[in-house]
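Before any questions on how it binds or moves, here is one chain, the form predicted on its own, in structure tokens.
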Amino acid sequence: MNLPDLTVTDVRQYVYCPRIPYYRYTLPLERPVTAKMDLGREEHESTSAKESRRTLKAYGIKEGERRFGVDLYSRHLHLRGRIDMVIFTRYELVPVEYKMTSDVGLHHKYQLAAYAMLAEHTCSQTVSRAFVYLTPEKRAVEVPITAAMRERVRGVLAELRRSVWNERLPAPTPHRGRCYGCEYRRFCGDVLAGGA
């Protein structure tokens, strides 16, 4: 089996629940689209339009160029992604991801770390921080990008490739509350039956 390049979305979903990207790559079906996904896509488009008219004050940056919907790729990592926004200043690159939530989860932080790694490969410049922009609260939260986060992203990519390559179903998330809104819930019979 030739495994395609993985995506930054795979990294985020793996940290949220390792089974989600596994199902995407191993089940021969169209990914179900939920109403929450449609709402999130609309919110992203609306936020990009508003963001282009704002200053960079929310990020504590005085001057910089904003680029929206930036495609990033690393042949070295076999990883690709499209980030909501990158701020280019004279001194740094700052990835920004919009989220329709009121807090920043661990999966969001590793998504940003993966984007930071892609930006570094694409632009040959180190990224030391990134932001999640919480759209309901209109607030930006800074996320430092550390060496440990980069190492964890590499580990996630390796674990995901192994599970797909060997067709070995990973353990589900221990946070069962996440299962209720999951588009793949019906495939996790062991979770629904109270196992795993």
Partner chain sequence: MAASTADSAATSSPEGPEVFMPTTEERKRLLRGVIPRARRLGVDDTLRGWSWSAPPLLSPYEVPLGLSEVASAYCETGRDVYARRVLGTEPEPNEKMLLGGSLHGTLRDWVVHAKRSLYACGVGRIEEALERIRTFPAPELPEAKTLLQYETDAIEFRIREAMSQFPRIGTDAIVAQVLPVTLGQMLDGAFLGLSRRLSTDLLNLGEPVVLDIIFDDEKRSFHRLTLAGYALVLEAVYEFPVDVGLTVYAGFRDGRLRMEREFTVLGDEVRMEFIEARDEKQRMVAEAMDPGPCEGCEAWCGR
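Numbering follows the first chain given and starts at 1. All values derive from a computational prediction rather than experimental measurement.
Here the subject shifts to the form predicted together with the partner chain, a form of this protein not shown in this document.
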Exercise. Work out which of the listed stretches, 5-13, 168-176, 181-189, 20-28, brings a heavy atom within 4.5 angstroms of the partner chain in the predicted bound form.
Key: 168-176
Self-check item: Residues G64, V70 and L118 all lining the partner chain in the predicted bound form, heavy atom within 4.5 Å
Solution: no
Self-check item: is_contact(M149, the partner chain) in the predicted bound form, heavy atom dist at most 4.5 Å
Solution: yes
Self-check item: the partner chain contact in the predicted bound form: K109, any heavy atom under 4.5 Å
Solution: yes
Quiz item: How about V104: is it within 4.5 Å of the partner chain in the predicted bound form, going by heavy atoms?
Solution: yes
Quiz item: Is there any non-hydrogen atom of G60 lying within 4.5 Å of the partner chain in the predicted bound form?
Solution: no
